[in-house]
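Listed next as structure tokens: two forms of one protein chain, kept apart as structure 1 and structure 2.
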Structure 1
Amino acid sequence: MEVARAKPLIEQLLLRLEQAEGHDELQVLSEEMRDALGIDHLVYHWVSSTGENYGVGTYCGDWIARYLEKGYLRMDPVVLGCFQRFHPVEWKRLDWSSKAARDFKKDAIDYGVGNQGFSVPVRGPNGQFALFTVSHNCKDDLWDAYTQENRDLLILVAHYFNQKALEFEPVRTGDPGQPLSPREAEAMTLLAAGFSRAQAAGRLDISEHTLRVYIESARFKLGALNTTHAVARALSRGLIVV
């Protein structure tokens, strides 16, 4: 479960994710991402704006068949707990108090899902919804340390999977290619030219916090893990020129 050393690999996977062209590639990437993240399972499930369900992930086929056969989707506390939320959810904080939920949990553990889980609900435009989940089998303290350390990374990976899913939408929404706004491009250009955040903020006559919002928004649009990667991507795509 050591992730820090896998960061360059994760960054590479995200680049491939961005270029992925179909469901099969997404499936392969979900498996490789699972390995890079050092956990037992990763699942990315999305509901398109027309209500169709899609999924990729690493759960074994037997569990997926069982899940469908038992109609677990209707009572799965993870699905119910995440559907109307948009913040990450630790499985332990969900409502497992009913007998049905406890039986479901036991069943899931028997099929190797793991006793720990962390889910990130993702909302896109026009009611599009997705759920990104990582699960693992380990003790509480280990898991708490893992999710605390990697929470932001998991949130980003979840959203980048979703950016790709939005491209598969029958009716494309949002801005294609997500060009940077003038302010975002200016901020990235100054960082690329070697300005510090304080200097860049000064040049743009905005506060450092406002600058951070532009950089954060640009990073997200560029699908990068951190500012350095975001600058590199903006340069390589010709979105900024130094």
Structure 2
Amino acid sequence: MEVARAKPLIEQLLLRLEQAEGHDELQVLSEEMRDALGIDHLVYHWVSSTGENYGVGTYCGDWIARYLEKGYLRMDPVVLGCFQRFHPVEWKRLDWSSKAARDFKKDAIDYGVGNQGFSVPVRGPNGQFALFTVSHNCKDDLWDAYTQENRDLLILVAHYFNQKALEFEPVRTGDPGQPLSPREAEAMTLLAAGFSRAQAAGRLDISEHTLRVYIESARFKLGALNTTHAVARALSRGLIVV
């Protein structure tokens, strides 16, 4: 689970993700990203604005078949919990009190999903809902350290997957404005997370002047009156997640 050394590879994968042209390519990238992040599984599932379901990820085929056969989607605490939230969710903080939930968790672990998980809910235009998830099998202290250190990176990867998923939708209506570039989205995400402009520029390793260019460009695309308004619009449209 050593991510720091894999940062250059992750940046290359994000660039490839940005340029991906089809579902098959997205699947391959999900597998390579899982390995780069040093976890057991990575899954990205989204429901389009027309209600169609799509997914890529690294769960084994037997678990996917089992999940569908048992109708777990209707009671999966991760899906239900994330649908009610806007912020990333640690699986162990969800409600596992019912017998059905506990049986589901045991079943998932038996199929290799892992006993730890971190999910990022994403909402896009016209009712699009997506869920980006990483999971692993390890002790609580190791997982807590991993997610605390890499939370921003995982949110960024979720954003890249979601932006590409939106591009793949065959029909999109009522989605005003232009999409944000990855750098614009990164800048807005950091501001939404409470970073000052100086801190955000430092995190992105750019000057405050360059950061201001990205912010103003995003504000124009979003049709916002000011930066605060731009952040609110970006969040409400699912263009960024915090």
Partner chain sequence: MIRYLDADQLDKFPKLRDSMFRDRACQFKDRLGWDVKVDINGFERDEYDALNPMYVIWENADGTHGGSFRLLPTTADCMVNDHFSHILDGAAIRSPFIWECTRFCLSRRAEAYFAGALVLAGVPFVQDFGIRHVVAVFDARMVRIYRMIGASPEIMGSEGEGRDQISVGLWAFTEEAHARVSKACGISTVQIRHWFHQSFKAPKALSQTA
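Along the sequence of structure 1, residues get numbers from 1 upward. Keep in mind that this is a model prediction, so the values were computed, not measured. Only the largest set of C-alpha atoms that superpose within 1.5 Å between the two forms is called the rigid core.
Q: Look at both copies of the chain and name the one that is the form predicted in complex with its partner chain.
A: If we ask which form is the one predicted in complex with its partner chain, the answer is structure 1.
Q: Has the Cα of Val28 moved 2 Å or more between structure 1 and structure 2, judged after a core fit?
A: It does not, since the Val28 C-alpha is displaced less than 2 Å between structure 1 and structure 2 after the core fit.
Q: Is Lys70 one of the residues whose Cα moves 2 Å or more between structure 1 and structure 2, with the core superposed?
A: After core superposition, the displacement of the Lys70 C-alpha between structure 1 and structure 2 stays below 2 Å, so no.
Q: Core-aligned, is the CA shift for Leu14 between structure 1 and structure 2 2 angstroms or more?
A: Stays below the 2 Å threshold, so no.
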